[in-house]
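Before any questions on how it binds or moves, here is one chain, the form predicted alone, in structure tokens.
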């Protein structure tokens, strides 16, 4: 029964997501298309964080840095009239990976609260750097005048085409994430989280594996940043504020750590709830806060634990 559920639920979810553009058109509510696309972008970012937080046990409070780096890679090139999407997105992924390499090389040598504070410090440095550069709008940010261009492939100005591109990237991230976690690389990452001493005793040094996971997570989050700036058509340092890192972390925890589907469920639950409550009252944070606390207390394995077998 569990294996059947594990097969049916993702397939049903994919069908529902694929049907959103049609439903939005029939209801004449394009807002829902934009809302679900935004949620899927954050789900991709949360998936990348889950690799190091859920499977690697690395509590990074600076993951939003890569979201911001990816967004700025697109925005800055567009600011100078370079709208080639292949170049923009390649730079977003590459720059985010390099920043993750630099941060990870230092922070992974520490643990516990020191790891948290180092990742937080680096993110805030980048955040204040974004605020200080007036040419790119400083604290006010700047508009993305032209979305990334992919001649002959896809037009991001077409809302439906952009939506299905994000959906395809999300599905690819889920597939590759599962393959990575189930590989020998993933086994070492999980073993190091469970018992680092034992992992070393059988001949594996956790550091290079953790650093590789950190870089992969940063690169994927950079791609999410490139998608996000094209979605919002606006660039701001708030993309990489520490509060954004906290939101991504909560998506992972709410959905279920050490679960590939968990971050996606967490992103949808958190952002849909936020949208519903904000339309109901301007003090929606007062309602959302207790609900989130209760979910953490009573859903020990997150939302994924309600659907999938324990040994997912």
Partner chain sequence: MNLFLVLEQALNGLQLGVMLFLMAAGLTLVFGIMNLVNLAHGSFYMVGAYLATYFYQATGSYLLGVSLGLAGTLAVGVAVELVALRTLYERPHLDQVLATFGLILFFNELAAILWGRAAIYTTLPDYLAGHVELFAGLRYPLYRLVIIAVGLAVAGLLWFVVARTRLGMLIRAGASNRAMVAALGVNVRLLYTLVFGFGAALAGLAGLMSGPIHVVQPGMGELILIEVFVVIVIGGIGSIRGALAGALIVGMADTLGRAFVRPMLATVLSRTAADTAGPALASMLIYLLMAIVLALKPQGLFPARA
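Bear in mind that the values here come from a model prediction, so they are computed numbers and not experimental data. Basically, rigid core = biggest C-alpha set you can superpose within 1.5 Å across the two forms. Residue numbers count along the first chain shown, from 1.
We do not show the form predicted in complex with its partner chain, though everything after this point is about it.
- Looking at residue 18, you'd find every heavy atom of it more than 4.5 angstroms from its partner chain in the predicted complex.
- When its partner chain is considered in the predicted complex, residue 22 lies well away from it, no heavy atom lying within 4.5 Å.
- The shortest heavy atom separation between residue 33 and its partner chain in the predicted complex exceeds 4.5 Å.
- Heavy atoms of residue 288 reach within 4.5 Å of its partner chain in the predicted complex, making it an interface residue.
- The candidate site formed by 249, 253 and 257 is fully in contact with its partner chain in the predicted complex, as each residue has a non-hydrogen atom within 4.5 angstroms of it.
- Figure note: of the listed segments 217-225, 157-165, 236-244, 90-98, the one touching its partner chain in the predicted complex, with heavy atoms no more than 4.5 Å away, is 236-244.
- If you take 29-63 and check each residue for a heavy atom within 4.5 Å of its partner chain in the predicted complex, you get 53, 59, 61, in sequence order.
- After superposition on the rigid core, displacement of the C-alpha of residue 22 between this form and the one not shown stays below 2 Å.
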